[in-house]
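Only one chain is given next, in structure tokens, and it is the form predicted alone.
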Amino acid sequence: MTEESTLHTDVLARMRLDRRSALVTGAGQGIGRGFALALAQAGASVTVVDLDNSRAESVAHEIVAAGGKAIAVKADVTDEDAVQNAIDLTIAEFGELTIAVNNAGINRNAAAEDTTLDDWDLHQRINTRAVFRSCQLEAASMLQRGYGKIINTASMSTLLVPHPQKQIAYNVSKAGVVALTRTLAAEWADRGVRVNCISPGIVRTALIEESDELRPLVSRWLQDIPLGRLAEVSDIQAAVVYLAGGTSDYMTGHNLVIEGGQSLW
């Protein structure tokens, strides 16, 4: 495609995801649910993957009720057989796997001196190791086909140390997600697979609203955010659609930060 013809291509049409299929992990609630709904609204068929099957089925039903296509799959992302099964079911149901969003993760707060090795290892196993293995499995068919989009969920904590909560294991695990995203992007660029990540700031979800530990911290967090509010899931939905669609074909290895300007101060 020449530069002139590219300029006359409908940008919104290039962002459509019709006839593409997406797999989203941790999609039963919060950010993952928002990503799954956004991809479906853009036209993708979506495999909703979550450890909680009832949540996965609820989101899949929500997509289908709105006129989209979706299936629900229960999977523990640390179980590579379960991840492979989700990929196989996606291909069997929708014909191929075009888009993979590795969003599942955990965050258990603890001061550095109180963080146990078991807790450290758990964060690395779920937030970093499982993302890497999922990328490997997801990329297998993409590399053969010569095209695919992998999007990982990282965190604002890769740019700064959030406070006053203490979360060293989480911060390090998410820094690993950015490093593996950049490395995979470099290795797979010449074979058509783009790998990027999204780093949200503090997102207002049930995890915060229902937590006696986190809810009191909101007023402190707001002091550090130039835009003066927490992120809503809707603030980051368009990012996953952009990274999944044709308008981002020239972007790879990028960490897309959406944090209300918090990293500026």
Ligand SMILES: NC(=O)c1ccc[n+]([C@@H]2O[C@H](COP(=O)([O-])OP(=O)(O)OC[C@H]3O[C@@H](n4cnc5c(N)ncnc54)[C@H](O)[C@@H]3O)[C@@H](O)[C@H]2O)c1
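In this text, the rigid core denotes the largest set of C-alpha atoms whose superposition between the two forms falls within 1.5 Å. Keep in mind the model is a prediction, meaning the values are calculated, not measured. Note that residue numbering follows the sequence shown and begins at 1.
In what follows, reference is made to the form predicted together with the ligand, a form of this protein that is not presented.
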{"property": "Proximity of Ala154 to the ligand in the predicted complex, heavy atoms at 4.5 Å", "result": "yes"}
{"property": "Distance check, Ala104 to the ligand in the predicted complex, heavy atom within 4.5 Å", "result": "yes"}
{"property": "Interface membership of Ala65, the ligand in the predicted complex, 4.5 Å heavy atom rule", "result": "no"}
{"property": "Proximity of Ile202 to the ligand in the predicted complex, heavy atoms at 4.5 Å", "result": "yes"}
{"property": "Check all three, Gln29, Val77 and Ile208, heavy atom within 4.5 Å of the ligand in the predicted complex", "result": "yes"}
{"property": "Listed range touching the ligand, judged in the predicted complex by heavy atoms within 4.5 Å, from 85 to 93, 104 to 112, 135 to 143, 182 to 190", "result": "104 to 112"}
{"property": "Heavy atom within 4.5 Å of the ligand in the predicted complex - residue from Ile168, Leu159, Ile126, Val178", "result": "Ile126"}
{"property": "Residue (of Leu51, Ala239, Leu217, Ile225) lying close to the ligand in the predicted complex, criterion heavy atoms within 4.5 Å", "result": "Leu51"}
{"property": "Cα displacement of Ser211 between this form and the one not shown reaching 2 Å, rigid core superposed", "result": "yes"}
